[in-house]
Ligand code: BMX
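Presented as structure tokens, the chain that follows is alone, the form predicted on its own.
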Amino acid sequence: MVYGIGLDIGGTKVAAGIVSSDGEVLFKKTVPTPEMGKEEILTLVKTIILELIEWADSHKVRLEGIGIGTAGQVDFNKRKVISGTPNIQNWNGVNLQEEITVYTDLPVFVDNDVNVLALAEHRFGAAQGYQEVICLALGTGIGGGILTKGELIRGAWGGGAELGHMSIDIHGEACNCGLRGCLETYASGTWIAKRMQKAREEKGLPTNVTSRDVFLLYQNGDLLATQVIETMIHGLSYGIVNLIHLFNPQVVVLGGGVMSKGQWIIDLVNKKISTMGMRSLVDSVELKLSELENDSGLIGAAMQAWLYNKKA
């Protein structure tokens, strides 16, 4: 059995753990992402990694390396965040490999957070047995990961598959990437909450609601929440059909915090896309909920410790 440390650095939380090569999470901890940004996050990452190394030593677990999945665009070869995410302050240009190898001799690997989610779902989760896979992670923002013939599509240096910033309405809401009507402005947790807040403000109602509140209100038949969810499903369905047209996948896996207990979202999208797009492409695609849920990111991050050590 091979073991690695995995860290999943997202806009709202950092999840870390020790993972075996059969996908078992032996030890795990989750903490909120520090709001101050780069320096505070790097300090937190160091504390967590040293704690995990100490745990591994005390339990006689031999670690092969450290794998990190982070929000933002990552130069896979340089192990460096090229362009961060607005959801994490000062995250541009961070070379995580250099920062971490200062205090450990373990090899360090860095990739985009949804790329590693896709690796985990392909090996251990909802995409097992498929070679043509699209993963969407709906959380603070929306990230994407694509596998073709079982291998990740990275683009020129690793920035490929920014699926959340595919525009599906050029006259839509302004996105933080500079475009309008991006998929992220329809189906991310941030934008689900924003739409509900705006709708409630127009009605003179309290606006302190989260995306999770919107889901609960929707389940209870709230009219404004129903309108917000209909907009979300409409945008998400268009985005998924566009991706199906582009990549001809076998399966589309939806994960991330928004999709927690989200089979009802899968069901609504399946109903919507049954009337959309080219039937020859759309009908054969399975739409599935992440099977690894909140652990997919850290499992996929840790997988790098044994997948890429051989190639290093």
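All of these numbers come straight from a predicted model, not from anything done at the bench. Start at 1 with the first residue shown and count on from there.
Same protein, other form: the form predicted in complex with this ligand, not shown, and the subject of what follows.
This chain is displayed alone, yet in the predicted complex one of Q197, S167, Q97, N87 has a heavy atom within 4.5 Å of this ligand; that residue is N87. Checking A127, V110, V116, I142 for any heavy atom within 4.5 Å of this ligand in the predicted complex turns up a single hit: I142. Only one listed stretch (43 to 51, 65 to 73, 272 to 280, 242 to 250) carries heavy atoms within 4.5 Å of this ligand in the predicted complex, and that stretch is 65 to 73.
Proximity of G11 to this ligand in the predicted complex: non-hydrogen atoms within 4.5 Å are present. Under a 4.5 angstroms non-hydrogen atom cutoff, this ligand in the predicted complex lacks D213 among its neighbouring residues. Using a 4.5 Å cutoff between non-hydrogen atoms, E162 counts as a contact of this ligand in the predicted complex.
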